[in-house]
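One chain follows as structure tokens, the form predicted on its own.
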Amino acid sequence: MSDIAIDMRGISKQFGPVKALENVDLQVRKGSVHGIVGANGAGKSTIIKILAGIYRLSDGEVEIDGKPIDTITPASIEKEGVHFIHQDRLLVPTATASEAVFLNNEPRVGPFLNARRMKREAVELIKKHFQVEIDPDTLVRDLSAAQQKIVQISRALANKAKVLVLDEPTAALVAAEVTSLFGVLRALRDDNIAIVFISHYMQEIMDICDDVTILRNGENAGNVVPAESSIEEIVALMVNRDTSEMYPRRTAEIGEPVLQLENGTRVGHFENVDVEVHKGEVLGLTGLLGSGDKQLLKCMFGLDQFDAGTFTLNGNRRQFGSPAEAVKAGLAMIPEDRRAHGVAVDLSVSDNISIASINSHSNNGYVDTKSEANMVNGLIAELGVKTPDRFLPVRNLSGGNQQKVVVAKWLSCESSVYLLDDPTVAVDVGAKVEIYNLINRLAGEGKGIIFVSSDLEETVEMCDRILVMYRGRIVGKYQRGEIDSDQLLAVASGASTDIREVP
């Protein structure tokens, strides 16, 4: 038997004239966690979709556990013991937890489903590997993101998985859940299961991976052992340029208040919250899952309603009944779930970017196509959107590049305040720097910015002031340089003695 669980050699894939992968090799050892990293559009998703049987390779060879695989389909690759834990948790929302664990693998007595055994074994399997209990009758739609991830992995283990492929598995998890997941992955690795781990979070790659394959522009850029390397070395191979200035400095002058909220309350989410944002200021708003920070943005943007409080924008008292009203008044918002709420995948890159600002390129009902094209092409270049031209349908872009398009759409607006909800989630390191530069540009133009981020280091480095929320209240207020990311986590999690009510 081979010590190599997955051996992909000389893998190439073309979509028409576009080469997505060219002569890429990927070898994953049994009993190891193998990271795959690369900038958006580098080929990570393509090589995984080839392994999953979603794409047919143009050239190359694939072996699983030393066995050549000529034709791969989603069903056949599962029979070889390779299971995929997708970022969007492809689960049936109306199935119960136990049904999801044993989907297509249900225990039976003759032709009849053995529901009692299925529930018992689901509970035992989850408790054995995760040391948690999940009610087997709970519907998938009622499970948390972390619980859904547990169900996905448990389904793979119930099917005797030899290889687990995890695509951005921590994107919707809080810090404690990530720590728990990593403990499970290490235990599975010790049981000789091979794990492929795809993530944009470089510190996670360093913490969990034994080996890392780096892709750049559809080709192998290098292989490293994290224990013998550094984040800087990996990033340099990913983007082929210097990223030592990860967080570009900003010199914008902070002016008068442009947005104010007094005693803002949304029952069940936050209470008596005060927020003030000035022209040219980047205000960080952070807290752990359920703290109320994201719900606060939704109320500001008209996606939900305040139950109490006074909300003022550009000197005028407001209560938006819809996002359309908020946009018209000068607010822009980059939503957290950009794939679901940010892009129209059947429209072109150009249409997606200009759709929110088309009125600024129109006169008497006619669109100035030259003005629109100049704006779109400028943002494509600034954000580094990887597309052959602005007319390509967005569905043909990688997930990360789709996210860049959403960022570009709202940056195209002549808004006075920007609400940014995790604008760099699942975006590669190089693109993050480009987004940071655009945020600085907006601040330099006198825009007010509220920056919600699950990356605490990013929050500390990018924000002029930081408000920390804990259980629906603001419990900390800090100027730039007054707090580091570790202290910020302690305050946000309620573990710090520095927690205080802010008047």
Partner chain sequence: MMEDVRHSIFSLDALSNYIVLFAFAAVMIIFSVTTANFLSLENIYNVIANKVVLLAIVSLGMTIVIAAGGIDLSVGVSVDMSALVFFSLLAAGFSAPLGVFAGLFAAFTVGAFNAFLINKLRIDAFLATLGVLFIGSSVQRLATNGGTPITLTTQEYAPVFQVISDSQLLGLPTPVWILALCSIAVFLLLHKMVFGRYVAALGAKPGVALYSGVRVPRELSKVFIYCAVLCGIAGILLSSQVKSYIPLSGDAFLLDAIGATFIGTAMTSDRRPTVVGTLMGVCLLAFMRNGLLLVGWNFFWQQVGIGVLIFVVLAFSFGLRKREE
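Take the two forms, superpose them, and find the largest set of C-alpha atoms that agree within 1.5 Å; that set is the rigid core. In this text the structure is predicted, and so the values were computed from the model without any measurement. Numbering follows the first chain given and starts at 1.
There is another form of the same protein, the form predicted in complex with the partner chain; it is not shown, and what comes next is about it.
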Legend entry - the partner chain contact in the model of the complex: residue 264, any heavy atom under 4.5 Å: no
Legend entry - Contact label in the model of the complex: residue 418 to the partner chain, heavy atom within 4.5 Å: no
Legend entry - Partner contact for residue 132 in the model of the complex: the partner chain, 4.5 angstroms, heavy atom: no
Inset, instruction - May I ask you to check whether residue 410 falls inside a 4.5 Å heavy atom distance of the partner chain in the model of the complex? - result: yes
Inset, instruction - Mind telling me which stretch in 283 to 291, 328 to 336, 247 to 255, 186 to 194 gets its heavy atoms within 4.5 Å of the partner chain in the model of the complex? - result: 328 to 336
Inset, instruction - Consider the chain as shown here, without its partner, and state which of 323, 384, 107, 136 has a heavy atom within 4.5 Å of the partner chain in the model of the complex. - result: 323
Legend entry - Of 356, 433, 158, 236, the one that lies within 4.5 Å of the partner chain in the model of the complex (heavy atoms): 356
Legend entry - Three-residue site 301, 364 and 389 fully in contact with the partner chain in the model of the complex at 4.5 Å by heavy atom: yes
Legend entry - Core-aligned C-alpha movement of residue 352 between the shown form and the other one, 2 Å or more: yes
Legend entry - Rigid core superposition, residue 71 Cα moves 2 angstroms or more between the shown form and the other one: no
Inset, instruction - Would you tell me if residue 162 moves between the shown form and the other one by 2 Å or more at its C-alpha, with the rigid core held superposed? - result: no
Inset, instruction - Once you account for a change of 3 Å or more, let me know if residue 51 and residue 393 sit closer or farther in the model of the complex, using their C-alpha atoms. - result: farther
